[in-house]
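Let's start with one chain on its own, the form predicted alone, as structure tokens.
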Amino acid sequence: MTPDPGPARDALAQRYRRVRAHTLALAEPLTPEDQCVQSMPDASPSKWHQAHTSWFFETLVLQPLAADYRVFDPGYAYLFNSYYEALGPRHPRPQRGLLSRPALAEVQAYRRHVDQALLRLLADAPPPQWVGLAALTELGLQHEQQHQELLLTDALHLLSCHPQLPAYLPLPRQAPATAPLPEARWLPHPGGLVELGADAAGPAFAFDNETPRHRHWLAPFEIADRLVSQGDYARFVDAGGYRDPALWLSEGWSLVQTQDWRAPLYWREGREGWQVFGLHGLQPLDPAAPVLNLSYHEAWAYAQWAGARLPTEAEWERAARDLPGMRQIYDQAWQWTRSAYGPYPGFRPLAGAAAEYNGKFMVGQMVLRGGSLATPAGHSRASYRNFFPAATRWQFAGLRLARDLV
């Protein structure tokens, strides 16, 4: 006889409520008009993020597992599917900003409908169904946390397009002064035969692309204890880093020329020097704060200029696990690595429609590690593999330097 999950039901239900409420809290500072606009093809409106994450629970959890569930609106399957070919046709991604209907209030009603059904299922599912239900629900929560960060990065890009550069949130009345930034220290790692990745059978959640755990040979290396700062990067800009083709990969140099890159995406040059647009609006450059919104190409060029390189994802993961001196790991900026995004040896995607979650993107992208100021607390971990195309700039991405040890 399968034992009843008991307290696990309540714990998962409480976590579900917290995560879903946090999405609404992140959207609250935005006006209803803000939440309907798409500023570029790679971004999505806040309203769409709220609907899509609800569609995920409805389609992958409730419809397969709740026999009495009634779909809120059959048309939403077309409007809010993101990229799941197995689940049918979908509205084109670059046109999500044209979805003036359903209205924001209807999307929020959709969320309440899904929440009521999901919480009822968590409370009433028979014990034999519980393991599969809990795993799919946790996947949905991790998926929603990813969209919480995307909601912020997409909203920031939208607000940066407004001529008045409105702030997502006002700066705190008494913002804490930034502490002076010490010089970066180099932390040596001996390398050797190491283990990477997450254990799929372990108690902690991991996406399929973090598995299987496997062995990997590392040459000795050293890695910076902190991220590259805005002050560090400003010296690269002022030294002509965006005018020197010798520092750039060919594709990156082409982007510098064709898109007129002169500094990171949200930097603005004023009479009193550089200013940086962020979630608190346009603020003077903070020399001690990590530089953000860099493409892979900009991170690469800076590393070349600094006489260093980007770490591999294997180096980054072992340094994060093994070196207690590592700082700014999970809560400041995603960190570009020089590793292409691909499968680990022995990789197997999830079963069913969830197989499309990660594996189908394992080409033409670079891996980022760590986490950013917009990553929900507790969401990231040493084995987490984020990934984006090399030209991506609107994410909260920065860099940490590495060097060979010979």
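When you see a residue number, it is the position in the sequence shown, counting from 1. Keep in mind it's a predicted model, so treat the numbers as computed, not measured.
One more form of this protein exists, namely the form predicted in complex with another copy of the chain; it is left out here, but the text below deals with it.
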Residues 7, 190 and 385 all lining another copy of the chain in the predicted complex, heavy atom within 4.5 Å: no
Residue stretch of 286-294, 113-121, 245-253, 326-334 approaching another copy of the chain in the predicted complex, non-hydrogen atom distance within 4.5 Å: 245-253
Sole residue of 179, 239, 201, 161 within 4.5 Å of another copy of the chain in the predicted complex, by heavy atom: 161
One residue of 380, 372, 59, 38 in contact with another copy of the chain, assessed in the predicted complex (non-hydrogen atom, 4.5 angstroms): 38
Residue 390: touches another copy of the chain in the predicted complex, heavy atom cutoff 4.5 angstroms: yes
Non-hydrogen atom contact residue 361 with another copy of the chain in the predicted complex at 4.5 angstroms: yes
Non-hydrogen atom contact residue 85 with another copy of the chain in the predicted complex at 4.5 angstroms: yes
is_contact(residue 79, another copy of the chain) in the predicted complex, heavy atom dist at most 4.5 Å: yes
Stretch 337-370 - residues with a heavy atom within 4.5 Å of another copy of the chain in the predicted complex: 338, 340, 343, 346, 348, 359, 360, 361, 362, 363, 366
